[in-house]
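In the block that follows, a single chain appears as structure tokens, in the form predicted alone.
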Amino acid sequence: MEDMIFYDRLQFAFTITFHYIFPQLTMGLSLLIVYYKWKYLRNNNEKYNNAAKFLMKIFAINFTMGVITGIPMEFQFGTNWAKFSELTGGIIGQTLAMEGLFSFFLESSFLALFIFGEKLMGQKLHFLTGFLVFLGSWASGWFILATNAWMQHPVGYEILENGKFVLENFSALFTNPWLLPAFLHNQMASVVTSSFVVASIGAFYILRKKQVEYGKLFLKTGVVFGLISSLLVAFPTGDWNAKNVAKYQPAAFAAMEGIFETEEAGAEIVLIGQPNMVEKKLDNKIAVPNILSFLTHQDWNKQIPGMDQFKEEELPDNIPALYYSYHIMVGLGTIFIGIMALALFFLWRKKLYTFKPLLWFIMFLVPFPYIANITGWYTAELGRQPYLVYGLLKTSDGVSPTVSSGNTLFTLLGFVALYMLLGLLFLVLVGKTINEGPKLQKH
């Protein structure tokens, strides 16, 4: 049974990790596309229109890959997680259906109109189609986050005698106190990824001395949006999320912060340390006293429960992975603020476009926002364990009892091979699009 649960979780973790490479770019990129199209309407400078259409081509490739890699996850609800779907389908089916019916079709329909309908519609309607693509992509994130928020902090439900969850209050799904902070944090993180991608394309063009005018435009936009979104990811959205975890999932909060023992007079914040699960402590710890209590409760001496205050079965089942995921996310987020602040300073001094070391650094920094986003999601999902629905439905009770671990492992290997090919195809298509650049588009 343990092997079956492990492979079911591993397969879903792999497929959703690969899938989320694409939506995190499309959600943020849609905002930048709307920004460029708005700039074009304001000053009639064709380079902004070209920039918007160029980024929409990258958006379209990502959107297509997101659809292809998203479909298998829906089937996994029925194959690997049939019991979970049977028990909770009356609730999570609501938000997942709305995501498909409203957001996906809104996004896909107006994406086609934006790409092919500019001459037919005129510029104002073309801007409107871009805005509706943005609205659809962010609405998609809203409905998916509403589903996840219910799993993290279930509200508005009733459990029948047969164990099935039914929806008692539809509006509670969207007023869930977990939802808004998680949504804003997630969307700002997607803007971080998109900003770094756009800035790296700009740095690439400048370093190659190819389409330098667009290179400067992309770099400037990426740096400004990147710094703003990086700051917003940290505060207030990240702060708000952390306080929610401390309030609703205190065992997960203790684990991700590395608090093995409760401290009487305020909790320290750990900067560096390695979880030692045998001795229940952090090795080689570097920490600042009382800071965590102040950040969480605005009280230097407020006690925060450590892992010693919870039963073993209430704690996350992989504490080191949760701890490292959280600290990688926070560490990278801090670095992003520093890098983008430095880049903005050089931009202000009119030296950014000629300072090659920083341009190279920005160009090669592009994978790290993806890592930060994915480890952020790992933090949320590992923190919810050992539950599928926090406090109510254990992960072990949601798997399909008739699907063997061998079958799951076999299909996982198939996914790995297929997704490697899809990944290569994606890199070729995006690389070709970037190499062509905005100037070579037909107007």
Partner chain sequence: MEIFWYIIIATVLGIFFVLDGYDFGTGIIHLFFAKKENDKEVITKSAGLFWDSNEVWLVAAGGMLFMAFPTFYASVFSGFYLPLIIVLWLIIFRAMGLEFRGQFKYQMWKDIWDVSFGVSSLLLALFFGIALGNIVRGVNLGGVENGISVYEGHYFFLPLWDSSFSPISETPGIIDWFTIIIGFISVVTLAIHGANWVILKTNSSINLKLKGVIFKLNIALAILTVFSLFVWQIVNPDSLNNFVDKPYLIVFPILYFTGLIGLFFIKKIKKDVHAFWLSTLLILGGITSSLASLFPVILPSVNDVHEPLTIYNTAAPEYGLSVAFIWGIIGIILIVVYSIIQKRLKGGKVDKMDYGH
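Numbering follows the first chain given and starts at 1. All of these numbers come straight from a predicted model, not from anything done at the bench.
Absent from the display: the form predicted together with its partner chain. The rest refers to it.
- Heavy atoms of residue 415 reach within 4.5 Å of its partner chain in the predicted bound form, making it an interface residue.
- In the predicted bound form, residue 93 approaches its partner chain with a heavy atom inside 4.5 Å.
- Taking the partner from the other structure, its partner chain in the predicted bound form has no heavy atom within 4.5 Å of any heavy atom of residue 379.
- Among residues of the shown chain, residue 89 is one whose heavy atoms approach its partner chain to within 4.5 Å in the predicted bound form.
- Between the options 180, 291, 234, 82, the residue in contact with its partner chain in the predicted bound form by a heavy atom within 4.5 angstroms is 82.
- Of the candidates 422, 10, 434, 16, 422 is the one whose heavy atoms come within 4.5 Å of its partner chain in the predicted bound form; the others do not.
- The candidate spot formed by 61, 101 and 167 lies fully in contact with its partner chain in the predicted bound form, as each residue has a heavy atom within 4.5 Å of it.
- Here the chain stands by itself, but in the predicted bound form one stretch of 187-195, 226-234, 105-113, 321-329, 105-113, has heavy atoms within 4.5 Å of its partner chain.
- Applying a 4.5 Å heavy atom cutoff to its partner chain in the predicted bound form picks out 400, 401, 402, 403, 407, 408, 410, 411, 414, 415, 418, 419, 421, 422, 425, 426, 428, 429, 432 from 398-433, in order along the sequence.
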